[in-house]
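Just one chain is shown here, as structure tokens, and it is the form predicted on its own.
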């Protein structure tokens, strides 16, 4: 038995592979040989990737690596919602934090923090004929609005820092790093507020747009360079704004990455699908890349015919073998795959795409990310790292991600992103203490009324499993 086969056998006994086995069983397919099949394909792709030098190795060398002496600045960006865990309360706004740190600098300026907050009432423009709050022409999905606002503010924070429009006057240099906690790019159409009843779109307020387009008037897209008044309501919606910001990130010379700690186990995953498409030259991969005028990421020898690649995709789907599980089996600690371009945007989900609508042209403007999986610990699933622009420093930047993740051995995620994640959110102690105080005050007021119906209603709203609350 080869060394890699022994490793894969051991990895298949990890607790989260039991979860994957359960998910596969739920599909109803015959999985009596499940582990054998998963092991077979893991070894198959490990061999193929290794033969083509598509697996890279990082050596853990902390004493040698952490020698920056304050000459490198790391910007860690994460967003959160301004909300309190109180019954009946809605999310109040969106908050984005930036944790700036200079490794090896022991002065007072070694680290600092900045944040931006925006109330939900200051997001959507409720004036003019683009918003009918009293009518049912369309329904604004509140959750979607919050998610899209958070996403766009996080990405726009890169622009703010790059243009030195935030707290600090100094701009990031080409040897610095910017990290986003989460994907570098999402599927835009999923978060675009629109109406099926008519062509009126709820646009963002002008003040909000000005706050995220800090590089004005040096826009990237012609639609923004030649901003016409007639297009104002359209340009101040999610897809055009997100597309403009994404193109700024793509053309930036500052290394910028999105780091994802928990990938969704979709089968086949977007990276697995891209990998199979490139190694086997599947028809779907060719057609999609020709339409988008993209080149293949890996200029390597094909592993087989296109039909074989289609069959492998079906196996992955049947056995619920997604990206995080596959690459955990394939990769050793410190290894990552050569970055590959994935396709996140689906043209059929874009508004008005089939009827030559206004937003169709933005589909072709939207860049697509390059993605890799990096295994930072044998005891954690590999993390996904995304970027819109492969720079010469890519492997050195992955080296930094790996070493910063090794500083949290029980978590295996970059320390700076873990720090900003905590800083950008309302602390749990504040939310829980306020919730408890609110509930006690509410219940005391209800009990003082002496009304049995009021008390019962209050208990039902606050206490889960009401049947067991006062059982004798």
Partner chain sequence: MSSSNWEEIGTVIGSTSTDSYGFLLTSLKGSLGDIVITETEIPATARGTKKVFIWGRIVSMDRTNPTFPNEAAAELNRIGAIEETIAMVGSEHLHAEVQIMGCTDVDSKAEDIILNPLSYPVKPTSKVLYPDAKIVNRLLSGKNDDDYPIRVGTLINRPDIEIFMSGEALAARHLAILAQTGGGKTVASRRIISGLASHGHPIIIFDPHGDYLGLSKNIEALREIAKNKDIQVRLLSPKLLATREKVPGAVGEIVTKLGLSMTEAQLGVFYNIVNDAEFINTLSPTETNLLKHLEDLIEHVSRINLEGREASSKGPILRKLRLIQDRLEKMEKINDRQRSIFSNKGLKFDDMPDPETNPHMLIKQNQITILYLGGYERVVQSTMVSIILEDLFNDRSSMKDGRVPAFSAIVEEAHNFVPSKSEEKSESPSLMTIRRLLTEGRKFGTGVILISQRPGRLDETTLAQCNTFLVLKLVNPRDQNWVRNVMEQMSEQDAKWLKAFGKGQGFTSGYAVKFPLQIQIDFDKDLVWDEIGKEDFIRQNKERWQNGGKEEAYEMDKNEQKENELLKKSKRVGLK
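Residue numbers count along the first chain shown, from 1. Remember, predicted model here, so these are calculated numbers, not experimental data.
One more form of this protein should be noted, the form predicted in complex with its partner chain, which is absent from this view; the next part is about it.
Of the residues given (223, 399, 333, 105), 105 alone sits with a heavy atom within 4.5 Å of its partner chain in the predicted complex. This chain is displayed alone, yet in the predicted complex one of 35, 55, 58, 423 has a heavy atom within 4.5 Å of its partner chain; that residue is 423.
Heavy atoms of residue 415 reach within 4.5 Å of its partner chain in the predicted complex, making it an interface residue. Although the partner is absent here, residue 99 lies within 4.5 Å of its partner chain in the predicted complex, judged by heavy atoms. Interface membership of residue 76, defined by any non-hydrogen atom within 4.5 Å of its partner chain in the predicted complex, is confirmed. Interface residue remark: residue 50 is not counted as part of the site for its partner chain in the predicted complex, having no heavy atom within 4.5 Å. Only one segment in the set 213 to 221, 110 to 118, 386 to 394, 317 to 325 has any non-hydrogen atom within 4.5 angstroms of its partner chain in the predicted complex, and it is 110 to 118. Of the residues in 399 to 416, those that come within 4.5 Å of its partner chain in the predicted complex through at least one heavy atom are, in sequence order, 400, 404, 406, 407, 408, 409, 410, 411, 415, 416.
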